[in-house]
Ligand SMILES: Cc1cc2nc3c(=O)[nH]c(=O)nc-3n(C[C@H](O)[C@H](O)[C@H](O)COP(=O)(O)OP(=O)(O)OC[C@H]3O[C@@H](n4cnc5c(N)ncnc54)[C@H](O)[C@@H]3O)c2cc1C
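Starting off, we have a lone chain in the form predicted on its own, written out as structure tokens.
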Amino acid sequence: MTEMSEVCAALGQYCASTAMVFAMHQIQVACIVRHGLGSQMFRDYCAELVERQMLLASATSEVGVGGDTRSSICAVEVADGIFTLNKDATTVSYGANADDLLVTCRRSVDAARSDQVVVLARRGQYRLDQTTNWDTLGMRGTCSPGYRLSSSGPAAQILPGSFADASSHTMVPYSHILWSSLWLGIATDAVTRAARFVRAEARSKPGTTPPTALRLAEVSNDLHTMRAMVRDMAREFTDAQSPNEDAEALLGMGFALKMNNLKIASSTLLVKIVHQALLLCGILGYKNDSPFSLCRHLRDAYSAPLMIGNDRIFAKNASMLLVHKDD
């Protein structure tokens, strides 16, 4: 996880959309590797995934559930070893370019909304009919419109176990760590541009300290805080996978709160850091054709608090804190 986190941070400095696609692909792969290798079909699929370098996307959102990925209306039906699944997804990031999809759904037509499984839908086994457009302020490169998905394939492509376990043990921590890492990359590049601007200002007036230097020190402090937070959580999650650690304890309610707080704090800090950098660079940071331009950073940064809305996460934290006792 620590190495993957560093890759996302590095990519985030150059293209946030590319970093997000990489992160989302890795999240889906992790779900299969950590929860599906008990199945020969999924072991064979992982080998093919690596050999052919396929791109894996997901369809976890759904019309009618209000953005709650832990609830599904659609259900998978199995007959004679074949699954059938139809889903009206609000977003499927880079779905038109993906090779295969991981789709969440109810375990059966009689199952509760929260009793979910994950189904692998392979190219040629599904059809995507686009229902919405992706014309957004930022993160345009993820190409995330809505689709109606219809799919059918071998029942062996239903991931063993429940989505509840895959979500809490893998999807949520991987999402929050990798997303936070790419947001760290955006923040790092924003501060780098601001620092270049301040240094150029200082060189133009030798022997004086420009007034913007103080603000640069402030934003550098925020960036250091964000970097330490992201790296610490990536390291803690990596350590949790060690055979010598009590992984279940780390993946309990206390760890879930830490992961949720990481997402909230990193997405909030990103917006603050980019805004501070923009104030430092002034109008040159606001211009698209400037070497100090922060327009892309600003557009992409404002998507961070909205990806699984921070208010929704605060509400989940509030419920957990009513019963959770500090260790």
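Since the model is a prediction, treat every value here as computed from it, not as a measurement. Quick note: we count residues from 1 along the sequence shown, nothing fancier.
Here the subject shifts to the form predicted together with the ligand, a form of this protein not shown in this document.
Legend entry - Region of this chain that lies against the ligand in the model of the complex, out of 121 to 129, 214 to 222, 192 to 200, 140 to 148 [heavy atom, 4.5 Å]: Residues of 140 to 148 come within 4.5 Å of the partner.
Inset, instruction - Look up in the model of the complex whether G38 has a non-hydrogen atom within 4.5 angstroms of the ligand, and give yes or no. - result: It does not: once the ligand is placed as it appears in the model of the complex, G38 has no heavy atom within 4.5 Å of it.
Inset, instruction - Answer yes if any heavy atom of A318 is within 4.5 Å of a heavy atom of the ligand in the model of the complex; otherwise answer no. - result: Output for A318 is no: heavy atoms all beyond 4.5 Å of the ligand.
Inset, instruction - Please run the contact check for T60 against the ligand in the model of the complex: heavy atoms, 4.5 angstroms, yes or no? - result: Output for T60 is yes: heavy atoms within 4.5 Å of the ligand.
Legend entry - 4.5 angstroms heavy atom contact with the ligand in the model of the complex for Q13: Q13 lies outside the contact set for the ligand.
Legend entry - Contacts with the ligand in the model of the complex - residues in 118 to 134 whose heavy atoms fall within 4.5 Å: Stretch hits: a single one, W134.
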